[in-house]
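As a starting point, one isolated chain is supplied in C-alpha cells, in the form predicted alone.
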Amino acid sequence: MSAILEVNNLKTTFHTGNGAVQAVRGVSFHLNEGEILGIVGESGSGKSVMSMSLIRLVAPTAKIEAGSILYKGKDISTYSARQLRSIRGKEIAMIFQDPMSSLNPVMTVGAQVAEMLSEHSRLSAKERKAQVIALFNRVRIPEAEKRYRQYPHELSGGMRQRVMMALALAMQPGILIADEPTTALDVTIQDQILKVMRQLQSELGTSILFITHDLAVVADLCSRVLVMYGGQIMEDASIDDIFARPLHPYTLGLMASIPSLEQEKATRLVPIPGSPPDMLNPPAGCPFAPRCPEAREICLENPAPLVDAGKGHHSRCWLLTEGARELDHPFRTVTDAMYRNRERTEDTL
C-alpha cells in the first residue's frame, strides 16, 4: 500500500506577546491510499494545529518553522498561496468540528456547495445544482431539493455536518481531514455520520485523517492510530495492536479512563493526574514525564527516542529502551515528578 501523504519533522509555532508557543514539535507520519488514520489525544495536544498546518489554514500568528509535507510525492509546504488554493477543497478537503461557524449564515447550503464546484470545475449552473443534490443524497440528507434552498440555521446539527461532508467531498478529494466532526452531536447522530463516512470512503477510496479525543470512535472507524501529546506523536500502531498492547504510559492512561461495559458499576474511572504541559516552555525531556507514574530522571532530562516495537508499532518512551527501567527508581508519586520538573524550570529562568 503506497502513501498518499508523508509528513516529515513538521514544526508549527504561534508567536504571541508572551512568547513562542510550540504547538507542533517534529511530527512525522504517513497516510496510505484508502486508509482511515485516527489521531487521538486530549485538548491541547496539537492535533488540530497539525492538521490545519498541512494545508496552511493556521492563524496569521502561526508559522510553520520546519518540515516537509509530501502529497503524491510533491512537497506542498513549498507551494505559494495561489498554488495551495488549487489544492484546498479539490485535492485535500477538511470537515471542521462546528459546522455552524464554518458555513456562511447568509447563503443557502446548496449555494455554498455549488460555489465549491464553480471554483474547481466548468459545470453550468444547472449541472452544479444537479451535482449538489446528488451529493446531498449521497450523504443521506433527506428531501435534498428542499434542503438545497435552506440556510444553515434551518438545519439540525446533524444535517449541517452532512452538508459539510457534501462540501468536502464535492470534488472527490484524495484526502479528507475530519477534525472532530462528531464531537457536538448526540450518540445516535454520531453513529449515523460515522456510517456515512465509512461508506463514502469505501465507495470513493478517499484517504481520511480522522482527528478525535474519543478512542471508542477510533476503534470503530480507523485502521491505524497516532497518539499525540505535547505536540509530538507518542505512539503509532494499528488499531488492533494499540488496544491489545498499548506501550506508552500516556496511551495506557487514556485506556484506563475509558468506561467498559464489563466493569462493575461501582468501579471508578482512573483519570490522568496533572495538566498538559505549557507549550510556551515545554519540558526538556518527555512532555508526559511530569504526569507519568513510571517517570525516571532520564525522562525529565532528555527527549525520548521513537522505539520500534515490531509489526509497525512505534512508541516514544525511554522505558522501552534496553536497560532504561534499571537506570533509577520511579518517582514515589506524580506530584514528586512535577515538583522536580518545576525546580529544573525555575533554575533555568
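From a predicted model like this one, the values you see are computed outputs, not experimental measurements. Don't overthink the numbering: it's just position in the shown sequence, from 1.
There is also a form predicted in complex with a small molecule; it is not shown, and the following applies to it.
S.K.: Within 4.5 Å of the small molecule in the predicted bound form, counting heavy atoms only, one of 44-52, 306-314, 26-34, 65-73 shows up; tell me which.
M.R.: Selected stretch: 44-52.
S.K.: Among the candidate residues Val217, Met159, Ala144, Met279, which is the single one with a non-hydrogen atom no more than 4.5 Å from the small molecule in the predicted bound form?
M.R.: Of Val217, Met159, Ala144, Met279, the residue with a heavy atom within 4.5 Å of the small molecule in the predicted bound form is Met279.
S.K.: Give a yes/no on whether Asn18 approaches the small molecule to within 4.5 Å in the predicted bound form, heavy atoms considered.
M.R.: No.
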